[in-house]
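Shown below, as structure tokens, is a lone chain in the form predicted alone; questions about how it binds or moves come after it.
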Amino acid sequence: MERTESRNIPWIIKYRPRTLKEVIGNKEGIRKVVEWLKSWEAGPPKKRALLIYGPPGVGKTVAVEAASRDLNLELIESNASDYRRNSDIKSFAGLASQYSTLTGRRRVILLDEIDGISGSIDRGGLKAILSVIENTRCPIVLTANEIFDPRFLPLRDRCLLIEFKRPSVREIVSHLRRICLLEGIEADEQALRYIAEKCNGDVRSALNDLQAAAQGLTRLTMEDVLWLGYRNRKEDIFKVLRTIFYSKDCITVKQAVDRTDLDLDMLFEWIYENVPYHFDSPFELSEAMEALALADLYRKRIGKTQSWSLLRYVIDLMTAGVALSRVGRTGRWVPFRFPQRIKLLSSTKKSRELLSKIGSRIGEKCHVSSRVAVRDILPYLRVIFQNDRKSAEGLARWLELDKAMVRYILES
């Protein structure tokens, strides 16, 4: 597998599958894709186009890209949403489907995200695709998230349909574990499983989350990924931040707030945490932080006076104010970081809950309150646990402490 040595490249690009063996899940669907592509060696099959459908991030596009490499096919690829008009489709896919390659290799055409052509502005795009399929001399592969809209009925009739399903949690965990090994990160199995469960079968999302959580770490624990529970996936917060930090269109930047269900306080924390890493110039950083400081003043004023008419100033300053602070452009990619203040609150909350449970167990056995147990008895238990293993084992059984409680007493 060819890998770049750059530390700043997104892992979804760095670890994008190069061969079919590296694609996660959907082994039966991949087998059918390869079988259909190979069938062209004997001439055009009955179905001259293949339509792969399934949720985002399950490997539809990378499977076609990897198959073209494995079978030594020349891949002509485009996002169908970029070719909505009849003339665009014919100039791109129509010409490519009729002429052979200069090298003599067989060709395959990939129209990605075919859902993007549906709508009133398509100007015959779907009709043009049907015409290209009917006359093509090479394989045409289409991908879509959802293809059971009635408008796609003619397309479904002309294509061989293959469904790609969400990979299992086990398959995603295995993929994440392999990447951690390549990155030199020692990862707790529980933490990887938590990421896999939260991504809802979206491998790209899981990899983004892993990179965000493991940033700067050599060991990944459950505490490092608990913040993912706060993530809302209506629109990936990373996309919202990218819009705020790098767009010059004030209207687009301000609208980014509407594309996430995060409340304004949480979004403010995300922006505040990441501004220092995405503004290289001291002048730009100063301007961005000044905008955030003013936004914070208005937030506090709203809290004291309940003057919600001031909210528009908070939104303008923390979005457009930050965006307009940038004068130049940065060519490097910087990963986004989860707000450390929120992560700290999540971590300490878990510790407080565990301490409360320990106090209850001790108090129940010693007939004292949890507060007294933690204050007066726990310090002695800690000394025993750290110096006398045999006595510690007996006390742990008597107090009915689980492994997490014992670990807390030993490490605190």
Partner chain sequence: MSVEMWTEKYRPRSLSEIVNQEDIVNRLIGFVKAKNVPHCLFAGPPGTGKTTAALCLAHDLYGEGYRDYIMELNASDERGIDVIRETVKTFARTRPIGEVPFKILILDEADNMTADAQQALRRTMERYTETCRFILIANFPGRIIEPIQSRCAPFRFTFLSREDLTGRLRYIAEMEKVQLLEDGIDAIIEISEGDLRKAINILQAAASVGKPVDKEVVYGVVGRANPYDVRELIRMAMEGEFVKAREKLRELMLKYGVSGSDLVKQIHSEIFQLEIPEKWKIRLASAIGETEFRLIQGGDDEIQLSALLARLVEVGQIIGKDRE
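Numbering follows the first chain given and starts at 1. Predicted, not measured: the structure shown is a model, and the values here were computed from it. Throughout, rigid core stands for the largest set of C-alpha atoms superposing within 1.5 Å between the two forms.
The form predicted in complex with its partner chain exists for this protein as well; it is not shown, and the discussion that follows is about that form.
Please check if Y277 has a heavy atom lying within 4.5 Å of any heavy atom of its partner chain in the predicted complex.
Answer yes; at least one heavy atom of Y277 falls within 4.5 Å of its partner chain in the predicted complex.
Please determine whether R371 contacts its partner chain in the predicted complex, using a 4.5 Å cut-off between heavy atoms.
Heavy-atom contact with its partner chain at 4.5 Å: present for R371.
Mark T19 yes when one of its heavy atoms lies within 4.5 Å of a heavy atom of its partner chain in the predicted complex, and no otherwise.
Close contact is absent here: in the predicted complex, T19 is far from its partner chain, nothing within 4.5 Å, heavy atoms only.
In the predicted complex, does A42 have a heavy atom within 4.5 Å of its partner chain?
Looking in the predicted complex, residue contacts with its partner chain do not include A42, since no heavy atom lies within 4.5 Å.
Answer option from L354, L381, V62, I30, heavy atom within 4.5 Å of its partner chain in the predicted complex
Flagged contact: L381.
Of the options R69, K365, K47, K38, which one has a non-hydrogen atom that comes within 4.5 Å of its partner chain in the predicted complex?
The residue from R69, K365, K47, K38 that makes the contact is K365.
For the chain seen here without its partner, which of 154-162, 197-205, 319-327, 269-277 has a heavy atom within 4.5 Å of its partner chain in the predicted complex?
So the stretch in question is 269-277.
For 381-400: residues with a non-hydrogen atom within 4.5 angstroms of its partner chain in the predicted complex?
Heavy-atom contacts to its partner chain in the predicted complex: L381, V383, I384, Q386, N387, D388, S391, G394, L395, W398.
S369: CA shift of at least 2 Å between this form and the one not shown after core fit?
S369: C-alpha displaced by 2 Å or more between this form and the one not shown.
Is there a C-alpha shift of 2 Å or more at S39 between this form and the one not shown once the rigid core is superposed?
No; S39 is a residue whose C-alpha shifts by less than 2 Å between this form and the one not shown when the cores are overlaid.
Tell me, please, whether between this form and the one not shown the C-alpha of Y53 is shifted by 2 Å or more, with the rigid core used for superposition.
After core superposition, the displacement of the Y53 C-alpha between this form and the one not shown stays below 2 Å, so no.
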